[in-house]
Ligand code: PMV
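Starting off, we have a lone chain in the form predicted on its own, written out as structure tokens.
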């Protein structure tokens, strides 16, 4: 860690993410594959001379620390607590403006993106230049405030960008693609409580320990096969892996009727594969379209979702501007 000259304004942005295969099982030591997407959270930090910390986002304006700040900004509030414990408070005070392109509860990593961007912007405005590893540790405090027992995959993907193979024991390994791959994302419009879903899956593990252990191994295998397919650009194989992964997520109870209808609509077109992404219980689905079919797939999904878009992977990770 080194000091830099203090700046008047620092802007940091981080991408959201999708999990291509391996969600939930990654919490139980399996491999998972994730990718940054083209929707980002931007945090603008500036000194305000008031000796107070002020959060501003989407019409909400609250001072930190405070009950309302913790209620409406739990992830960045936890990040701020960690920063002040490590480096001391910013005596001049600061304003922290949060702008997000990622709907909350969409399963697209909004809490990780805001945690990473807040950690980077606030520490830089305080004159600290941290390594990615140090930013990750601080950002994980924000993730824990939302998810309880996060694996770390969201933070690492938002921080580093690109496509990553991740496990809790080995961390994030970047996966290089020869060319970009298009993924279509559709938000169900239904939010979800990620920590509650993680707890419900833990109950399934307790009820069926032997079956669950085999599914953890199988999920790791599918993740490694997905990496191979991504590196070779073998989209039919990648789509098949996604299609196999979805019934496993159904079995552990993280899909629902709305998501199932969206998946059925997506698969009625010309696609290689489709599945939910992230915690489930709401959130979003991802679809791997066949070449030239994106508009057709998006039009079909817009009948069920008000938030449908296409992203190319890989995408850039954390960006900081002074």
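Positions refer to the first chain, counted from 1. It should be emphasised that the depicted structure is a prediction, and the values quoted were computed from it without experimental measurement.
The same protein also exists as the form predicted in complex with the ligand; that form is not shown, yet it is the one meant from here on.
- In the predicted bound form, none of the heavy atoms of residue 142 sits within 4.5 Å of a heavy atom of the ligand.
- Though the partner is left out of this view, residue 27 does reach within 4.5 Å of the ligand in the predicted bound form, counting heavy atoms only.
- Using a 4.5 angstroms threshold between heavy atoms, residue 153 counts as touching the ligand in the predicted bound form.
- The shortest heavy atom separation between residue 76 and the ligand in the predicted bound form exceeds 4.5 Å.
- Per the 4.5 Å heavy atom criterion, the ligand in the predicted bound form is contacted by stretch 272-280, the sole one of 286-294, 49-57, 64-72, 272-280.
- Though the ligand is absent from this view, in the predicted bound form it lies within 4.5 Å of a heavy atom of just one residue from 198, 126, 204, 165, which is 198.
- With the partner omitted from this view, the residue of 223, 194, 188, 136 that lies near the ligand in the predicted bound form is 194 [heavy atom within 4.5 Å].
- In the predicted bound form, just one residue of 80-108 lies within 4.5 Å of the ligand by at least one heavy atom: 107.
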